[in-house]
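Okay, so here's just one chain, in structure tokens, the form predicted on its own.
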């Protein structure tokens, strides 16, 4: 079988990979007194040449030239229009109205709570906002592990546990804060960040569609999640009103609007998974059958991880990851740009090179054939290694795959595979953001040389910690916008978007404004 076919070459052109021509070492295994001993013998450059050729084929099949990125962006915009036109108009993008029409302005004032439920741990937060100062004066939080039995139990038990934790946290308030609420007659308000599939029915209500991330609370499905939580709070004998139900992406957007400026128009998370939301003109949401909000705007939760297009440069590794996932055929975009899958794609490529080109010697390392052994943090470490001998790469290969000895040429190839994947992921993510900017009319050309500003609030571990990925993303976005763009686009990290954002949205939708 031709190597190009083996690696799924799509034929896109890219700059050639640096040639590795030095002799390589082949580790031969011998048995001595019942133990495996590593030996080094000289070998011709034939093996590294074959691996180098496979590497170049893989780079070509993963290539993301500028014309292709424009095609990806245009395909996304088309699906955005379809998803806004009617319910189910796009079979890829849900384009969910969030009922959030009042994003934080920076003038919010007072003390607000938030509950952030997005996985096996949840957090309760207390945030004091400074009003006209546009500052968060103080913030406290408590993180709690959810007992495993509650993750598969009843809704009542789960929310009684969460409400009890919130109530205990409220009880730790300073006496001056307690006196303020008594004297003012105001009820404490909280935002609720709920990062599970939900069909929102108002800014503070939504129907649970199904559970993910190891949860299976069946009797809560099909019911209003806020009412279930509010009832549990009442059973705790505390008065706390849920003022806003948000997902983590909307929370990131809200935090960006508060911290940066009113030109923050997009919230995006690139971590284990990925999603994006943005501010849309309310009259452009044609499937909206309720009165238009007074602000004339509506935050749309795209659920963009399910975007797919023939323009996405998929390889044999992407096909394998998809086939072995819990949702084959779905979440193409997420599987190509997010952290959950990056390490596995790299492992599959290295495993094929080990089989086809005898990378790492004649015997394929057993651990290299085991699924999900290489995590995205490992890939990031490899990618950031700039030492002359790539010592970090050697350590990761030893720690993860038990490959005791590697040549510099082999480590260079491993480093290059990680670079290819980081570049592809970052550039495709940039194409997605450019598509959103195009939809809201912020990709035009400047007429007089002046530039306006647009901020994209970002969160997620992959974006925050994978420096090269972020750099590729920023560079591609600038390429797409062009030097004569009317808007200067900035990616800004908004840490703890879901928790802080939920508190901010509780403030901006407060009943006591």
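Computed from a prediction, not measured in an experiment: that's the story for all the values here. Residue numbers count along the first chain shown, from 1.
Omitted here: the form predicted together with a small molecule. The next part is about that form.
Q. Which of these stretches, 393-401, 75-83, 267-275, 428-436, has heavy atoms within 4.5 Å of the small molecule in the predicted complex?
A. The contacting stretch is 267-275.
Q. At the 4.5 Å heavy atom threshold, is residue 123 in contact with the small molecule in the predicted complex?
A. Output for residue 123 is yes: heavy atoms within 4.5 Å of the small molecule.
Q. Taking the shortest heavy atom distance, is residue 461 within 4.5 Å of the small molecule in the predicted complex?
A. Although the small molecule is absent here, residue 461 would touch it in the predicted complex, with heavy atoms inside 4.5 Å.
Q) Does the 4.5 Å heavy atom contact test between residue 104 and the small molecule in the predicted complex come out positive? A) Outside the cut-off, so no.
Q: Using the partner position in the predicted complex, report whether residue 118 sits within 4.5 Å of the small molecule, counting heavy atoms only.
A: Answer yes; at least one heavy atom of residue 118 falls within 4.5 Å of the small molecule in the predicted complex.
Q. 259, 90, 200, 380: which sits within 4.5 Å of the small molecule in the predicted complex by any heavy atom?
A. None of the other options qualify; the answer is 380.
**Q.** Contact residue in the predicted complex, chosen from 190, 407, 376, 315 - any heavy atom within 4.5 Å of the small molecule
**A.** None of the others qualify; the residue that does is 376.
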